[in-house]
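Take a look at this single chain, the form predicted on its own, given in structure tokens.
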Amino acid sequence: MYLTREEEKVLDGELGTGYEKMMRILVKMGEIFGAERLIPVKSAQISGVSYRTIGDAGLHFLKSLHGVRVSVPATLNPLAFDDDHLKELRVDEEMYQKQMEIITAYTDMGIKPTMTCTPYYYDNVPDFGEHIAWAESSAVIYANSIIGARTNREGSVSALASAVIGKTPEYGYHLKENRKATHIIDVNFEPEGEDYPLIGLFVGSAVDGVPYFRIRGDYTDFKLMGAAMAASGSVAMYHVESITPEYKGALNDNVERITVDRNDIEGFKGAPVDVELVAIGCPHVSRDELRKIAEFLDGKRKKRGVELWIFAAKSVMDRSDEYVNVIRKFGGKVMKDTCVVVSNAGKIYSYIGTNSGKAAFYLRKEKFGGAKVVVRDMYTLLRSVIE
């Protein structure tokens, strides 16, 4: 892989061992994936933030980078808790202390402690065609498919390396030819409600490539569909006709067709149960979603025996006080900095209702608690918590 003289100096350790380590990661990735060079990125989104995810080994790695600073704007994924809800999330002292050490290590590098999987709302908004280096699969697929920015599906370490060096290897979705559709998805019904995340779970498990859809929906529908696709498989970009900025010209003759019937998605839905927790916000909700939730709950009373947790970025909550207050008055909890997956929610509750295919995919796994999870549309879930 070609390196400039300045890049070679970093690789040779002239800026210190921390920068050398980051550059070596990028060079090795470039060699593995056949990149010819490094290209500048405008921003990074860093995953590997929750102590539950990275543990002591991850914390040790971050501490080994003491003195290293990022060179481009960088933001953080959710952590293991909201410090305003430590009791409800059953956070012990060790978890709290280790999590704070992780956040300190990141902020000492100059990374903004946004703690959200939806940085594209306010905290880190890329432009069309802009090269970025993002981890967090749901943010990657949204940036590529809805915004038209260009990023591969980075891991926590590679995204951090790009944030420090300010560059990423030029391969994959940074190249225009790799952003074309590989599959046409024929959905044999008009999707609505929970159909979008369920379609995402099915397509993610069936497709290794770039799917192309001809379906209607809004940005929240496609956010949930994309997050589910990225969770159940390796999809990092899709096209929706008239929605994805690059959908024109995305099709060619060498595409495979996959048909989706209702029977194909039914198994991902989950059998009906009396849920103990309704969790909305995986990915984190937008201001518009908070508005819809608040308007639906305003003036109503919460049913006993079932909790309502809404997850949002702090930046979204700060712009939505009027909606947050309505939800809290109803008896729901609006949490920042964490989400239903990386928190202890799946180990606290055995029966969970969510509108997120991504949350269902992970929470059903033993590692995250092995809960019984049902996927339903937002309004069905909200009706289930009303007295």
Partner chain sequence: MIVRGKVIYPGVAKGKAVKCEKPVVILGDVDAKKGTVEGCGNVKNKILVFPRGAGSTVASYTIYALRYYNTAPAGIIVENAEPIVVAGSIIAEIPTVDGIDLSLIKSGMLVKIENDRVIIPD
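Remember, it's a predicted structure, so these values are computed and weren't measured experimentally. Residue numbers count along the first chain shown, from 1.
Just so it is clear, the following notes concern the form predicted in complex with its partner chain, a form of the same protein that is not shown.
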| item | value |
| --- | --- |
| Stretch in contact, per heavy atom within 4.5 angstroms of its partner chain in the model of the complex, of 58-66, 340-348, 35-43, 327-335 | 58-66 |
| Its partner chain in the model of the complex reached by all of 79, 287 and 311, non-hydrogen atom within 4.5 Å | no |
| In the model of the complex, the one of 255, 105, 157, 146 near its partner chain [non-hydrogen atom within 4.5 angstroms] | 157 |
| Partner contact for residue 21 in the model of the complex: its partner chain, 4.5 angstroms, heavy atom | yes |
| Touches its partner chain in the model of the complex: residue 367 (any heavy atom, 4.5 Å) | yes |
| Distance check, residue 25 to its partner chain in the model of the complex, heavy atom within 4.5 Å | yes |
| Its partner chain contact in the model of the complex: residue 70, any heavy atom under 4.5 Å | no |
